[in-house]
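Only one chain comes next, encoded as C-alpha cells, the form predicted on its own.
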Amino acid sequence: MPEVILKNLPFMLQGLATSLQISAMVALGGTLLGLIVAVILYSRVPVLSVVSRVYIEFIRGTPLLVVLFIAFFGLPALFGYQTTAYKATVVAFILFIGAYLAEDIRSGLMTVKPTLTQAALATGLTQGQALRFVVVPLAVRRIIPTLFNQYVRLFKFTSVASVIGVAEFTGNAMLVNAREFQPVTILAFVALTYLVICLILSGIGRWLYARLAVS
C-alpha cells in the first residue's frame, strides 16, 4: 500500500466508520419508513394514502443534495430549531431512501396472491394480522435483492454528506488529497474501498435471497 495511504489511513478509516454508521442507521430508519408508507398505500388508507403519494413523488422528483439542504438549512429555519450536519444527513437520507423503498416494498406487497390473504383470514386472523404475519413477510423476502440494491446506493450516497461538513469517507479522503496532492493514489483507494464494501453488501443480499426466497 502506498505510503500516502498508510500515513493517512487512520483518518480516512475514521471517515469510513462514519459512512458505515450513517448507512446502518438510514437503512434501518428508511426501511421502517418505507414499510409504513408502502402498507398505507397497499391498504389504501384514506387521506394518508394521498399524503404518502405526495411524499413519494416529491422526494423522487428532488435531487438528494436538495433534500439534504432542506434538512440542514430549510427545516431548521422554518421551524426554528437547531441541528447538526450529522443529524440533518441522517434525516435527509431516511426521507430520501424511504420513498424509494416504499415503492419497492409496495411492489412486493402487490405480488402476494389475494388467496393467501383469504386463507389467513379463514384461519381466524384479522386483516391487520394477515398483513403483518403473512403478506409483509412474503413480500419482503421476495424483494431482498431490490432492498440490498438500495442499501448499496445508500452507502455510495453518503459521499454527498461532506458538502454540509460531515466528516465521512470521501470528504476525509479529499482533505488528505488537499494536503498531499496525490489524487490518483487517493481516489483509487477510495474507489476500491467503495467497490469492496458494495460487493460485500450485494453478496449478503444474494445469500439472504437464496436462503429465504419464496416462489
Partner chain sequence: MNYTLQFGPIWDNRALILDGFVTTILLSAAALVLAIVIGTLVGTAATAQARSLRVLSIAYVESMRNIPLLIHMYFWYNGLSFLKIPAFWCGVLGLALYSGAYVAEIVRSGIGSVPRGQRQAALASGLTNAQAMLFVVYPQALRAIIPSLASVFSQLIKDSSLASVIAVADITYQASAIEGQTFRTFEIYITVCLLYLALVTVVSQTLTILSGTRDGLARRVADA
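Because the structure is a prediction, the values reported are computed rather than measured. Positions refer to the first chain, counted from 1.
Absent from the display: the form predicted together with its partner chain. The rest refers to it.
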inquiry  = When the contact criterion is heavy atoms within 4.5 Å, does Leu199 count as touching its partner chain in the predicted bound form?
reply    = yes
message = I'd like to know whether Ser52 contacts its partner chain in the predicted bound form, with contact meaning heavy atoms within 4.5 angstroms.
response = no
message = Residue-level contact is defined here as any heavy atom of the residue lying within 4.5 Å of its partner chain in the predicted bound form; does Ser43 satisfy this criterion?
response = no
key: 4.5 Å heavy atom contact, Pro183 and its partner chain in the predicted bound form   = yes
Contact at Gly74, Asn177 and Ala191 by its partner chain in the predicted bound form, all three, heavy atom at most 4.5 Å = yes
Option touching its partner chain, based on a heavy atom within 4.5 Å in the predicted bound form, out of Val152, Ala167, Leu35, Ala27 = Val152
request  = Name the single residue among Asn172, Thr146, Thr31, Ser159 that comes within 4.5 Å of its partner chain in the predicted bound form, judging by heavy atoms.
outcome  = Ser159
key: Contact segment among 87 to 95, 115 to 123, 74 to 82, 135 to 143, judged by heavy atoms lying within 4.5 Å of its partner chain in the predicted bound form   = 74 to 82
key: Residues of 97 to 125 having any heavy atom within 4.5 Å of its partner chain in the predicted bound form, listed in sequence order   = Tyr100
